[in-house]
Every structure is written in C-alpha cells, then in structure tokens.
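Just the one chain here, laid out as structure tokens, in the form predicted on its own.
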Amino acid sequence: MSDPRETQYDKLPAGRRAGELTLRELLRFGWRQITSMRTALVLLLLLALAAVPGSIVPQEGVDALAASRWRDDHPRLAPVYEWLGLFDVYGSVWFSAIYLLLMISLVGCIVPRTLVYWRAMRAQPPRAPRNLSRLPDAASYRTDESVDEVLARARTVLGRRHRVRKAEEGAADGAVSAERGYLREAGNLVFHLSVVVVLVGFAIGGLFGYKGGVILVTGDGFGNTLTSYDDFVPGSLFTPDQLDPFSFTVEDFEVDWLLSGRAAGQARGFSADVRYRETRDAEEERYDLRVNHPLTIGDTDIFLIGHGYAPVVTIRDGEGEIAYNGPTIFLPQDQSLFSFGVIKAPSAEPQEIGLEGVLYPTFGMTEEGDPVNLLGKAVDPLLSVLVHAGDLGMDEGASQSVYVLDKGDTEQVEDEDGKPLRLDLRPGDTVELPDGLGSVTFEGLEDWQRIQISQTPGKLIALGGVVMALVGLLGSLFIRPRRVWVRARQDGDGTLVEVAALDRSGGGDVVPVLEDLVAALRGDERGNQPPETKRDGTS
C-alpha cells in the first residue's frame, strides 16, 4: 500500500529531476504546442504581419525598377533589407517557415478534431437529466394520455428534425432524449480546412505558375517566349514547356478621362483593342482588353494593368546622321502621368548623347512660377530633359536598365551661361545642341500599355477554399446545437409531462422551441392552453 504522503516527485525514476523530460516527452509536448488552436491563430497573425513588408517595400518580382530606385535612395538600409529578404518577401526563408508551420499546425489541429467529431456523430444523445425542472428552459403540463402514448408521440415529433436516442430495454426513466445541430462543428472544421486549401492553392500557384510583364507601345506585337518579357518571375517548379504558344498585337488604345471634379485629369477607365492568335497557325481573333477583364488563352491570363506615354524623339549627331529615333517609354510618377524617362543614343558621333528628364502631358505654371502637370490627358505636352555627352557605358558588356542613365563617364552639357542645358520641347520642336553635338527633335507622343501575363494553376483550388470558408462560417454562425428532453411519469390520475431544452452555443432563445414542442405533443396549435414554462429559474 502506497504512502499517502508520497508526492509525484517521489515517484520519479532514479537520477531524473523534477521537470526533466525525455526526448519522447519533449517531442510530444512540442507537437501539442504546434498543433494547438492558439498556435495556429498566432501563426495566422504572423503570416498576415509578414505580408506587410511585401506591400510596403518594392518587390523585385513585381517592380524591379522601383526596388532598384529604393536601394539608390536608401543606401544604408538597403543592405539590411537585402539580408532580411524584404525585397522578395514571399520567397524568403522566414516567410516560407511561417507558411509551413501554419500548414502543419492546421493539419495537426484539424485531424484530431475530426476524429472527435466523428465519434460524437456516432454517439447517442445523452440521457435526460434527473430533474428537468432545474434547467434554465423547461416546461410542464398534465394530460390524460398514458406515459407510453406521450413518449411515442415525442419520438415521432422529435424524430422529424432531431436525432433521437434509441429506446433501451428495461430503461425506467420514462424519457426521450434528442439532439440537433451536429453540423455546427462540421462548419468549424470546414472553415479551418478551407485555410489549408487556400494555402495549398497559393503554394501550387507559386511552385508551378509564373508571372511576367511587358510594356508595349500601341501597334507593337508580343510573342509568348521568355526573351519577350521585360520581367519574368517563374515558380520553383516552372518549366518553359508551360508557355502557351500565343501572340498578340495592341492595335488601338483608348482612355476615358475625367475632366471635372476632384479627380479631374485622371483616367476613369482604359481599354486596348487586341488582335491575337492562340497558336502560330490559328485564325486571328480580336478582344477588348480592359482592367479586370483579362484575356484567357489556354492556361494563361493576360491583364491590362497600366498605361502611360512614350515621347517620340529623333536625335541627330554632329554629322547629321540619325543616332536615335522612335518612341521611348517614360514611367509615370503619379496619377496625373507626370513621367520620368531616359533616352540613349550610343551611336552618336563625335560623342554619345544621353537625355534624362520628365514629361508633362499637360504643362502649366503655378502662381509662384513653378512647372506643374495639370492633366493626365495630353492636351499641351512638354518634354523637359537635361543633356549628357560622353561614354554611356553601354559597350562594357554589363546589363543596363533602359530607365537609368549611367553618368559616370559623361559630362553634362551646358548652355552659353555655363548652366546645365535644359531642353523644353513641345511636339514638333527641334533644338540644336552646342559644340556640334547634333540636334534633338520632339516628334510627338504615343501610348504604351503595361501587360501582365501569368499562369496560376492553383487559383481554382484557392477559390474553392474561399467558398469553403464562406460555407463553414455560415454553418458556424447559423446552426445552433440544441438538446431536448421529454419525460413523462404517472402523477395521480393523469400523466405529468416535463419538457426541457438546452442551447449549447449560448445566447439562443429556446422558449419558442419549447412552446412549439409542447403544442405538437398536445396536438394543440401554438398559443392555446400555454404550459407552465420556467425560464432562468422563474415560473
């Protein structure tokens, strides 16, 4: 016989200290912590917080130029951000770790709860409590019917919408137990499972899909090959064989401008008239490409996500030869399409020429005399650029952004007063450069369109997960688990019938349920001869 004064610490194996865990116990403890609902919620919150830098810091895979500019503007923070992976948040190790831990936590939480739910579904409703009158919601009435007749009718009435406990031979409690609302827990499980489905959908898209972008001037064509993209972000398991062999050309482009109100000068909407072929030998088709109305070819979606202006500039060198001619894409700096760009003429003689400046689609001046852009619509365009001459660094073999001018081996061209030469050109203007460098002509403007091309193989799975989440949430909110008991016993010359209901979710009003049930048991319409009803301890 054990000593009653013996504690749990006295039962420890020899040489083992209190609180010391074996490897098996430590793994079990860690698994329980990871698969707890609290941990899942914390990881879900961490995943949401981890996505915040991806929305604030420019991402390499989304806008490489913006990321490069951010590095140039923040030389001290850039190495830290690079080390933390903030320029590629969704591909970083720490984001992937949170992602995987959340998956493990959710699966480890859902599986045991599913097993418990399965056992609960197969279990019988609990027996009726001994004193139904002590429950918060209870009613009673007297009838001349026998106990067996009352209980038989109770089974029939409750069996329509409840699961009724099977009658047990020899049971003398004279009660019927019923329960409903089992699907509420199913709704909870479906909701949690939907999170896993959404994560799996995103994971499939990230592994097997890709996203690329290209800027096309109106009239230009595009063939779906890797070399045709301006930027391309493939999934980890992407192969070039996934590229659909289509091609398209932006035939025309239209913008609906707002010309009045607080948003005057901004685009209300824009669309591109696209001619495309699904394969090289397929017939040509047309499509009106608009924002949020992508063109789908095979497994690929083509989106129109932006637009801007491309000034058409002709640069003649000192020998009168055309060193550069054509539209050059300028990137918008705000919603009014005030744009920045670079024009390079590496073949100019006697020196290479580079232009760097801004485009005002509708030029204006403030009362203080400062230049300003008034509208996004090109009503009075002005091209204002600085001129650089020298080695532009384009023959060194290293890749160079078309939006960045390498000014390390160049000199800024100056005017007669020794100030930096600024060319302010309107369409049709030509300016002769000093020192026999040549001339610059602003021919006019053309539109360009930013096209995003992507494959997201897991999008239907993610959509299914969202639908599952909605269904599960609706089930959790509107399905109310409830238990109902009916007991009948002989009392004098009649039968005393007691009815009680319990709302297991809390906050539900079961008094109408009791009234309907009593009316059905008595064969009366609701409201006739009300039973003795007790609610929250009052009669």
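Position 1 is the first residue in the sequence shown; the rest follow in order. The structure presented is a predicted model; accordingly, all values stated were derived computationally and were not measured. Here, rigid core means the biggest group of C-alpha atoms that superpose within 1.5 Å across both forms.
Omitted from view is the form predicted in complex with a small molecule, to which the following refers.
Trainee: Residues Val147, Arg155 and Arg483 are flagged as a possible site; in the predicted complex, is every one of them within 4.5 Å of the small molecule by some non-hydrogen atom?
Mentor: No, the candidate spot makes no contact with the small molecule.
Trainee: Tell me, which of Arg71, His192, Lys211, His162 has a heavy atom within 4.5 angstroms of the small molecule in the predicted complex?
Mentor: Comparing distances to the small molecule in the predicted complex, the residue within 4.5 Å is His192.
Trainee: Only one of Thr328, Ser105, Ser339, Ser177 has a non-hydrogen atom within 4.5 angstroms of the small molecule in the predicted complex; which is it?
Mentor: Going through each option in turn, the one that passes is Ser105.
Trainee: If you check in the predicted complex, is Thr495 within 4.5 Å of the small molecule, heavy atoms only?
Mentor: Thr495: no contact with the small molecule in the predicted complex.
Trainee: I'd like to know whether Ala40 contacts the small molecule in the predicted complex, with contact meaning heavy atoms within 4.5 angstroms.
Mentor: Within the cut-off, so yes.
Trainee: If we define contact as a non-hydrogen atom of the residue within 4.5 angstroms of the partner, is Asn188 a contact of the small molecule in the predicted complex?
Mentor: Residue-level check for Asn188: yes, a contact with the small molecule.
Trainee: Since only the chain is shown here, I'm wondering whether Ser36 would be in contact with the small molecule in the predicted complex (any heavy atom pair within 4.5 Å).
Mentor: Although the small molecule is absent here, Ser36 would touch it in the predicted complex, with heavy atoms inside 4.5 Å.
Trainee: So which stretch, 50-58, 472-480, 485-493, 509-517, is the one near the small molecule in the predicted complex (non-hydrogen atoms, 4.5 Å)?
Mentor: Heavy-atom contact with the partner occurs in 472-480.
Trainee: Classify Arg184 as shifted (yes) or not shifted (no) between this form and the one not shown, where shifted means its C-alpha moves by 2 Å or more with the rigid core superposed.
Mentor: For Arg184, whose C-alpha is compared between this form and the one not shown after core superposition, the shift is 2 Å or more.
Trainee: After a rigid core superposition, would you say the CA of Gly219 moves by 2 angstroms or more between this form and the one not shown, or not?
Mentor: Shift at Gly219: below 2 Å after core fit.
Trainee: Align both forms on the core first, then report whether Leu331 has a C-alpha shift of 2 Å or more between this form and the one not shown.
Mentor: Where the cores coincide, Leu331 shows only a C-alpha shift between this form and the one not shown that is less than 2 Å.
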